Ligand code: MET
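There is one chain below, alone, in structure tokens, taken in the form predicted alone.
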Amino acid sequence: MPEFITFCRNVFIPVTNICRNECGYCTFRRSPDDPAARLMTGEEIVPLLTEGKEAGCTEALFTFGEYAEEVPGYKDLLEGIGYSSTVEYVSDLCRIAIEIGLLPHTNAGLLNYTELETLKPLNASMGLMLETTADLDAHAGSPGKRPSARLKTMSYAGELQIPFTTGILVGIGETLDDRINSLQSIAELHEKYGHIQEVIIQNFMPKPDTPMADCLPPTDEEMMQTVLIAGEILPQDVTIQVAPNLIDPYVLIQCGAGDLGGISPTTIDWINPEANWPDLERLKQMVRGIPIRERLPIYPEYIRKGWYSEQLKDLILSVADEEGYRKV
């Protein structure tokens, strides 16, 4: 068993749910003409950030649909709040989060080098799920899910020395060999750039009213096998993360998982809204006596390396202890 398990407290901000991709398992995406489509305004977001800070969060998690600018109607919404691109808008939101006292982590889908370079100084870390290196029916109609394109974004992040989160989605039609290949691809990137701080092993959960609603989720045995394989393939300095609101983490901790991801005391999991976050007391029960240690969105190793900007330096050093974890 590990000496301790880590987690992070965040506030989850779904900036927009408009997306160019049409994945077979997703309920997050909306078209601009859908009544549930949204582009959150600063007036909506600032109170959430403030509430998160007051609740003890250290991370502002910004997520949004990939390249929504390609979806007809979205640019009108964006221009209506005074911006020409989502990256420009999120950059300002990151600045606001820093002023409030939260460390931004942006998960934006595919980004090019220039976009990553723009966001780097304003983010403690960033992320992009690889999901799989296989070409699957689940990703038909989703140009952003091309494995080569996602690996390219991850390579750019490595060149820019951005502490990075990625992961695989288990059970969307891929084979065991596909999972192995995906993990090997992640390992190769980390061996080249040293920037992958954690890899999420996430179980697919079928959702009503999606093309994959009748598909079965992976079994516990499949998830245990995948975590064990990840431990064999990934370098030792890459942490394996699992989602405690989607699966019992204890059996996966026994297989090598070391992190429980971002847990929000104030916002829901907008990607899996049916799955409530466990609170801290429940989290302690779930890990059955293994000590829990709170971290920041940037892992201790990358704090020691100085992989952060001057804009973030004072805030990081004010909330990190001598080892780089959350100051008690």
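Note that residue numbering begins at 1 and tracks the sequence as displayed. Keep in mind it's a predicted model, so treat the numbers as computed, not measured.
Another form exists, predicted in complex with this ligand; not displayed. Remarks below refer to it.
Colleague: Can you check whether Val46 is within 4.5 Å of this ligand in the model of the complex, heavy atom basis?
Modeller: Heavy-atom contact with this ligand at 4.5 Å: absent for Val46.
Colleague: Would you classify Ile240 as touching this ligand in the model of the complex, given a 4.5 Å non-hydrogen atom cut-off?
Modeller: Output for Ile240 is no: heavy atoms all beyond 4.5 Å of this ligand.
Colleague: Does any heavy atom of Gly109 come within 4.5 Å of a heavy atom of this ligand in the model of the complex?
Modeller: So Gly109 counts as contacting this ligand.
Colleague: Indicate whether this ligand has at least one heavy atom within 4.5 Å of a heavy atom of Phe64 in the model of the complex.
Modeller: Although this ligand is absent here, Phe64 would touch it in the model of the complex, with heavy atoms inside 4.5 Å.
Colleague: Run the contact test on Arg38, Tyr74 and Val90 with a 4.5 Å heavy atom cut-off to this ligand in the model of the complex and return yes or no.
Modeller: No: no residue has a heavy atom within 4.5 Å of the partner.
Colleague: Which of these residues, Leu102, Leu128, Ile253, Ile247, gets a heavy atom within 4.5 Å of this ligand in the model of the complex?
Modeller: Selected option: Leu128.
Colleague: Picking from 231-239, 90-98, 113-121, 144-152, which part of the chain touches this ligand in the model of the complex when contact means heavy atoms within 4.5 Å?
Modeller: Contact criterion met by 144-152 only.
Colleague: So which bits of 25-53 sit within 4.5 Å of this ligand in the model of the complex, heavy atoms only?
Modeller: Contacts from 25-53: just Phe28.
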